[in-house]
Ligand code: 3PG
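Single chain ahead, by itself, as structure tokens, in the form predicted alone.
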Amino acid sequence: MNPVSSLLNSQLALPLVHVDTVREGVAVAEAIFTAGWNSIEVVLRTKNSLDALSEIKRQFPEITVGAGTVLNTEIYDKACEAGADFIVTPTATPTLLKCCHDGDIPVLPGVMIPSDIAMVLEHGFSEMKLFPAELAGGIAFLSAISDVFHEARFCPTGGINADNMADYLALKNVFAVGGSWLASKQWVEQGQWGKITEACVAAKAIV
């Protein structure tokens, strides 16, 4: 199974897309693609998020679309059926990790504390999502564990923004960062697609 990092095509920031409608999902994807990025994560927190994921895949086959907020095996199955290219979980349980390990698509399991990291490594995953990153200790935490869990690599999410993303990416155990600031819920609600493009272009310039 390919690691999630290989799907990002050297893209160092992963936009988290939170939408209420399919139309919003397609518009956000277009705004991000216009900025020159081709990887996004659609968080599965609304009733239309799976349909939005599927429609993004249909209209933008060039975009690698991950399914986020996969909390259990039922959501995992639905995300796979919707056409997700990879899976992101906010947390990890033995049942969910076994399901992900036995599946056919890359997975980024969520961790917050050292015991989570150890469990995820035991299930065969070396790439994981630190969430919520800032509350978990952020840059100081990742630096402290880098020599203990030397094989683990992270995509921190939660509290990441344009001001601190470069500091996270400078860490040797960070391969990308994730953030909702790139596709602000307010911009989505107001249809300010240009602001999303501008935020992605600005982030691309930083990295």
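The first residue of the shown sequence is 1; numbering continues from there. Values in this document were obtained by computation on a predicted structure and should not be read as measured data.
Quick note: we don't show the form predicted together with the ligand, though the next part is all about it.
Interface membership of Phe125, defined by any non-hydrogen atom within 4.5 Å of the ligand in the predicted complex, is ruled out. By the criterion of a heavy atom within 4.5 Å, Arg45 is counted among the residues contacting the ligand in the predicted complex. Looking at Gly159, you'd find a heavy atom of it within 4.5 angstroms of the ligand in the predicted complex. Put simply, Ser146 is far from the ligand in the predicted complex: not one heavy atom of it is within 4.5 Å. Remark: of stretches 26 to 34, 135 to 143, 163 to 171, 178 to 186, the one touching the ligand in the predicted complex is 178 to 186 (heavy atom within 4.5 Å). Though the ligand is absent from this view, in the predicted complex it lies within 4.5 Å of a heavy atom of just one residue from Leu16, Val19, Ile196, Ala13, which is Leu16.
Contacts to the ligand in the predicted complex (heavy atom within 4.5 Å) from stretch 87 to 120: none.
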